[in-house]
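One chain comes next, on its own, written out as structure tokens in the form predicted on its own.
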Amino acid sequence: MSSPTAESVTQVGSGDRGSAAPVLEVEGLRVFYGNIEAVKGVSIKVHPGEIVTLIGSNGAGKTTTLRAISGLNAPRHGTITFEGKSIGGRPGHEIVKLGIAQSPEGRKIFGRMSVQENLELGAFQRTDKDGIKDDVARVFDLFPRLKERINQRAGTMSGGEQQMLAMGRALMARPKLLMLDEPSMGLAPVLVDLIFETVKEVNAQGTTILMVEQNALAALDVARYAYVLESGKIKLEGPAAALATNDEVRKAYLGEG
């Protein structure tokens, strides 16, 4: 199949992100559901230590892009490179082992299992018992509410608590790259603030983050770099601060104008 005609991407602000090689590089990604092309030649880079966000409306291809990176959707075309290794088309468990973990849209916690059991499942490929114990303590430090509910069935917790658990479970894989898919979806404003403060704290502790988020204002506030997806293609990219003040972004995604 021939490649589609290249679409121009508008760069907003300075694209200089330093000299370090990207930890994740996606080039020309095309993903289909049957005959429907959901992602149409997406190219993104995530550098070590960054928070990078993908914003855009429903159906723009944001979640599908994450699913392709994490091995849940096989790309038909394009390349995905993580720490210099090609990972496109590899199964999900191999990608987790390489150092990428995802907190999925809709949380997808195991409702009949306890908080403790959900966290232990996040470390299913690890054998370092002391390290696992340390990381459980780290999750409880980030999310004290989870410690209070350690033996509670996850399905009986609030939406905000389940989101904390989904993020904590992903962190139990000790990822080099943490991917967050709609971490603020359906949450009350006070919990949205808490989730994004925790995103910043996890990043400050050394974890690189790639985040899909419909709350564009909050996402651009915490991210260093951002991509705007529209109908499966990158339309704009640039430093998050520059996109937050861009007229087109403010009208389309921040409800202004």
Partner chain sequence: MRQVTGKGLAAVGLLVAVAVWLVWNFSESPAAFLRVSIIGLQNGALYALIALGYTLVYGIIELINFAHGDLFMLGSLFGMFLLAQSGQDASNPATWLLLIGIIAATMVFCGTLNMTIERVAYRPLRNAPKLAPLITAIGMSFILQNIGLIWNGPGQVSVPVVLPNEVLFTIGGVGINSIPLIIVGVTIPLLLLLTWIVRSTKPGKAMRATAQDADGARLMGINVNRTIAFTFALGGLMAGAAGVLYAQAVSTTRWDQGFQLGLISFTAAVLGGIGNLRGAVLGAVLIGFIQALNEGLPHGAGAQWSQSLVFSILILILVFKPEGLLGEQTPEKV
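On a predicted model such as this, the values are computed, not experimentally measured, just so you know. Positions refer to the first chain, counted from 1.
Note that the form predicted in complex with its partner chain isn't included here; everything after this is about it.
Next item on the list: Evaluate Arg153 for contact with its partner chain in the predicted bound form, applying a 4.5 angstroms cut-off between non-hydrogen atoms, and reply yes or no.
Entry: Looking in the predicted bound form, residue contacts with its partner chain include Arg153, since a heavy atom lies within 4.5 Å.
Next item on the list: Look up in the predicted bound form whether Val96 has a non-hydrogen atom within 4.5 angstroms of its partner chain, and give yes or no.
Entry: Val96: contacts its partner chain in the predicted bound form.
Item checked: Distance check, Ile87 to its partner chain in the predicted bound form, heavy atom within 4.5 Å -> Looking in the predicted bound form, residue contacts with its partner chain do not include Ile87, since no heavy atom lies within 4.5 Å.
Note to self: Please tell me whether any heavy atom belonging to Arg76 falls inside 4.5 Å of a heavy atom of its partner chain, as the geometry stands in the predicted bound form.
What the structure shows: Output for Arg76 is no: heavy atoms all beyond 4.5 Å of its partner chain.
Next item on the list: Heavy atoms, 4.5 Å, its partner chain in the predicted bound form: which of 34 to 42, 228 to 236, 66 to 74, 211 to 219 makes the cut? Say which one.
Entry: Looking at the other structure, the answer is 66 to 74.
Check: For the spot marked by Gln11, Gly15 and Ala20, is every residue within 4.5 Å of its partner chain in the predicted bound form through some heavy atom?
Finding: Verified in the predicted bound form; spot residues all out of contact, no.
Notebook entry, point to check: Using a 4.5 Å cut-off on heavy atoms, which residues of 85 to 118 contact its partner chain in the predicted bound form?
Noted result: Residues within 4.5 Å: Gly92, His93, Val96, Gln102, Pro104, Lys108, Phe110, Gly111, Arg112, Met113, Glu117.
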